[in-house]
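The structure tokens that follow cover one protein chain in two forms, given apart as structure 1 and structure 2.
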Structure 1
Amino acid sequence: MAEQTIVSSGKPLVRFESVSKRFGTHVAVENFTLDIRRNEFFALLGPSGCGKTTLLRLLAGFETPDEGRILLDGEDIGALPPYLRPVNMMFQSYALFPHLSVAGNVAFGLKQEALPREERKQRVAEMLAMMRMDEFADRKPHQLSGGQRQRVALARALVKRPKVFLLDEPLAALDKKLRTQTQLELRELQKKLGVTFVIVTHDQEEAMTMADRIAVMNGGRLAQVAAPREIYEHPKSRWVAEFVGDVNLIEGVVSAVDAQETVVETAAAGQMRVPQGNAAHRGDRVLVAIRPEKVAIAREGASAHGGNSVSGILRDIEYFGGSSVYKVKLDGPGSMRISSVNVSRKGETVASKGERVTLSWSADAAAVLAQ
């Protein structure tokens, strides 16, 4: 297998250049431009029907773009049929061949290459061992559990040593516990093999835990592409902020802008100071976005910390085990959700329903978004 190399920021491995794909009148992918780097664990994230699978199938060669080009290693692969592309895919249904054994399934792809028998056998054995499937080599797919089938599907594609490995919702069929475990395993596998992984998911946590970079898609268009932390902490648009995680959005008008800060006048929380990020001008109508876990909640009168604070009435508490979410009706118009870790095992909460509370957050907790 290829030596592990650091994600290079040089020439991209895959490049979508203004790619569009229509099905009849329905536009599945629209003017899509994206670079995927070598040895990267890349996630395509978006709601159902936003074109993630279509994008993957364009890359695998099962669909051809109506407009634009797809480059692999600098070469246009648009005219290449799927069986000539150095790209392999793991299907959501796994698509294991029911008439072949586990070993037969894994060897299938290598049989299509002119490889010496010995080498083929060795590579199959290696791959089965890596996936801990060697003892099941002679079983048929229907004699395996869901998790085992998934590993066979992985082995079958990876044994081909593709330049890009595509995974379409690989974990959707697994239960939550196995899914979390497999996420880690996939990540380790990717680092070990040094193959570029492109994974499709509509589960944002999954994308966050696994990917080096995430492309968030909306209605066939690219909404934002960045590292997970960047996507979460610095969303470029209201849509991304709302799609990835929970967020409080407060309407306001920019009253002052300097090198460090943007000052926003809001009806809900008065004057808010937000660090410079997305460009805004004086007089713009904007949204101030604050993640629920960045806000501290305390009974009114307790000392507030941070640069911004606002008061209101606690309306509701949702208990999630590790944390609770507090719904607060602000004195001004609107309300906010605050999430707080449950440190104590006793049933005590910060405040009880109906009590007056003060919310506070540091100046750099919020971000300005265009409305």
Structure 2
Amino acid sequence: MAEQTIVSSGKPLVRFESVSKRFGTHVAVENFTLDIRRNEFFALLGPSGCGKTTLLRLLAGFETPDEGRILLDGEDIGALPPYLRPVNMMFQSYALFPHLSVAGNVAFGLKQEALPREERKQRVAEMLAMMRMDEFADRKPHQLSGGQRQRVALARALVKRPKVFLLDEPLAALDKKLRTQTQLELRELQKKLGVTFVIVTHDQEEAMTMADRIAVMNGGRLAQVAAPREIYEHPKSRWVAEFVGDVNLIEGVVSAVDAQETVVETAAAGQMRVPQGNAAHRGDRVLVAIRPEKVAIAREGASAHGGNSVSGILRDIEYFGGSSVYKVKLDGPGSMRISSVNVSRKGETVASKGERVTLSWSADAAAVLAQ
């Protein structure tokens, strides 16, 4: 299989160079090349078993690649044991020492490095203050909440001032409200410290919220690497479009292409117009991808918004508080999902189940994907 290479501008801080890792007959990572920039918040995103945690463990030194090299600041770190790498990792379980205080946990790594006592105290105090945990310095881990234990684990890892900080599903154990709050705090912390953060997650929203760039992984290989907006608005494949967020996919054949747009003939929605720039050619079988929130829905007969429209019957409505999702059976084959913000507290919907509706969207709301 051909090597997949995504490189960044300038000298990368971390480079995976043609890396492969197998466990018996299972290929966890295959011929993988990727650059991670200095001082960026980078996310490895993908389903369970896609190889993202294996990459993190390879970078940390807990696993050794079968093929390829891992470079940190231009140096091949393959021969360095974990404790000699300028890399620290925060695990899902936090792995705090139950017999040590908060301050003792944070100071542990510095003590192992034999830093002078006064310097240790100063760095621990600074880190606990940054984490807003200084008033809990004498408490033991069992006396803390889940969010507080997470802050201690962060402080313990960051007090050593690593070049790269690795986070393996760090927010999985937190409730939704605390997880959202912690995402923002981690982002602010990364900016303040200027340390390269690499996070592993299967949560698309988490990656989109925190990361400067995201590597979407599938089966040990790269599916796409880009900024969150680029991945969401311009997925490179059907798999990425379906994995990152919700999407409507409509099959069709390209009937015309010019400098501005591509025209796709579809059985489900008739003739559809989408922006040019997807390297599609006349006669190609393609998929038109449309995110549910890009589609307007109205009772049949209302004026359409945008250059594309299709009619159907409203089959179901899902209420999510701030938004509702409408499921529409199209007159042609297939169906579409439409997400609409609820602006009224009265629980009003744009239409009722069983009513005929019109869906419409602008040309630039859609993207063309190869089938």
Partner chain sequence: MIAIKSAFKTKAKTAAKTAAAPRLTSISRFNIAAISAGLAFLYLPIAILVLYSFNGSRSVAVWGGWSLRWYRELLHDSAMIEAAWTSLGLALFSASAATILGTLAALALTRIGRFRGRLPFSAMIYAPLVLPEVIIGLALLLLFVAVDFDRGFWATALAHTTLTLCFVAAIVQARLVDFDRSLEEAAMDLGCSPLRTFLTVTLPLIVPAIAAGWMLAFTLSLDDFVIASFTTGPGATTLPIRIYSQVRLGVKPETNAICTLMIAVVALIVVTASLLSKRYAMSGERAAALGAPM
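Structure 1's sequence is the ruler for residue numbers, which start at 1. Fair warning: this is a prediction, and the values are worked out from it, not measured in the lab. Take the two forms, superpose them, and find the largest set of C-alpha atoms that agree within 1.5 Å; that set is the rigid core.
Each of the two structures shows the same chain on its own, and it is structure 2 that derives from the form predicted alone. Superposition on the rigid core between structures 1 and 2 places the CA atom of E113 2 Å or more away from its counterpart.
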